[in-house]
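This document starts with one chain, in the form predicted on its own, laid out as C-alpha cells.
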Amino acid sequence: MTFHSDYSLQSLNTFGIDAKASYYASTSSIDELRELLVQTEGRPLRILGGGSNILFTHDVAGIVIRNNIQGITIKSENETHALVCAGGGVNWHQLVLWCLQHNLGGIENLSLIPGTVGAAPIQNIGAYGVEIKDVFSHLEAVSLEDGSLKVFRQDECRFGYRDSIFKREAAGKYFIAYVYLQLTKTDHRLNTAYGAIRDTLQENGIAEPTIHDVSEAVISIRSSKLPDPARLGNAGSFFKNPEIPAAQFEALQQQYPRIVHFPGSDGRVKVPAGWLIEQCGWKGFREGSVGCYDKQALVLVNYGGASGREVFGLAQRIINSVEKQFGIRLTPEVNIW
C-alpha cells in the first residue's frame, strides 16, 4: 500500500472543498485493506467512497482510505430473480446501468444517485418511492479493528429513513467491501406512483413502461432539478425530509393550507425540506461563494472557492430560519467531517 501525506481531497468530494488528509490511501481488495490495517497499527481511519455525501469543514487528521473495490457479478439466479454482487467502490449509477443492460429490475428508481455501492447501505439511499433496503440481501464488511470479515443481513443493518446501523453504533467500525442485491428477472414491480415519474411517462406517451422507461424518466427529472457537481459543487439533497407528529402537522396546515406533505412512518407526516426552505425565502439565495440552488432549495452549492465552514454556516442559518417559522428542525443528510 502507498500512503500519501498531506493529500488534497478536493477532487474526491463533489462539493469541491479543498480539505487535506494527513494521510491517504486507496484500496482495491480486502487483502490490500488488511495489509493497510497492519501498517496503520490502530491509528484513526476514515473511509471515503465517492465523496458525494460529505462536507469537509476542516482538514482530516489520521488516515483516509478510499474504497476502490470493483466488480459486478451475478452470484446466483433462478427463473425469476438474480442475486447481484457489487464491489463497494463501484459507482452506484454504473451498477444501475449494468442491471438495466441485464434486464434486472428493482433499482431503476435509484438511477443517477451519486456515490458508491459501499456507501449506499450506510445511507439507505432512496428516491421516488424506493430505498435500497427494498432489494437488499446482505453485505460483507471488514472490521477496521481486527480485519475480520462480517456478513450483515437485512435485519442486522437496521435500515431507517436515510439511516442504518452504520450511521449509529457501527459508525466508523466497518469497511463495506461487497453488497448483494436481490433483483427481478421477470414480472418487474414498477414503482411509478411518484407524481413526477407518472407525469414524465405521460408526457413521453408511455402507457406501459419498462424498467428502462422508469430509469430514463428518473434521470430526466434529476437532471432538471440537480446541478452537475462537475460544474457546480454540491452534494445533492443537503437535508432530510422531516417527519412530524400528525397533531403538529394539522396545526401547521391550519396556518399553511397549501403545505406539501406525504405519509410518513408510524402515523407521522413527512414534509419536504425543500418546500420548507423555499417558504423561508432561501431558494436562489447567494452570498459570496455559497448559495441555495435556484432550481431546488434542498441543494446547497459551492460556486467556487468556498470553504466547508462557509457551506455549513449557510446550512445552520437555514436550519434556524425553518425552525423559527415552522417549529421544525431540519437534519442534514450530508455527513459533516
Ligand code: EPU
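Predicted model, so just to flag it, every value in this text is computed and none were measured. The first residue of the shown sequence is 1; numbering continues from there.
If you look for the form predicted together with this ligand, you will not find it shown, but the lines that follow are about it.
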item	value
Sole residue of G147, G160, G264, G126 within 4.5 Å of this ligand in the model of the complex, by heavy atom	G126
Sole residue of L201, L226, L97, C85 within 4.5 Å of this ligand in the model of the complex, by heavy atom	L226
Within 4.5 Å of this ligand in the model of the complex, all of P121, S164 and E169 (non-hydrogen atom)	no
Contact test in the model of the complex: V301 vs this ligand, heavy atoms, 4.5 Å	no
Non-hydrogen atom contact F285 with this ligand in the model of the complex at 4.5 angstroms	no
This ligand contact at G236 in the model of the complex, heavy atom, 4.5 Å	yes
4.5 angstroms heavy atom contact with this ligand in the model of the complex for Q296	yes
Location of this ligand contact in the model of the complex, chosen stretch of 54 to 62, 276 to 284, 24 to 32, 304 to 312 [non-hydrogen atom, 4.5 Å]	276 to 284
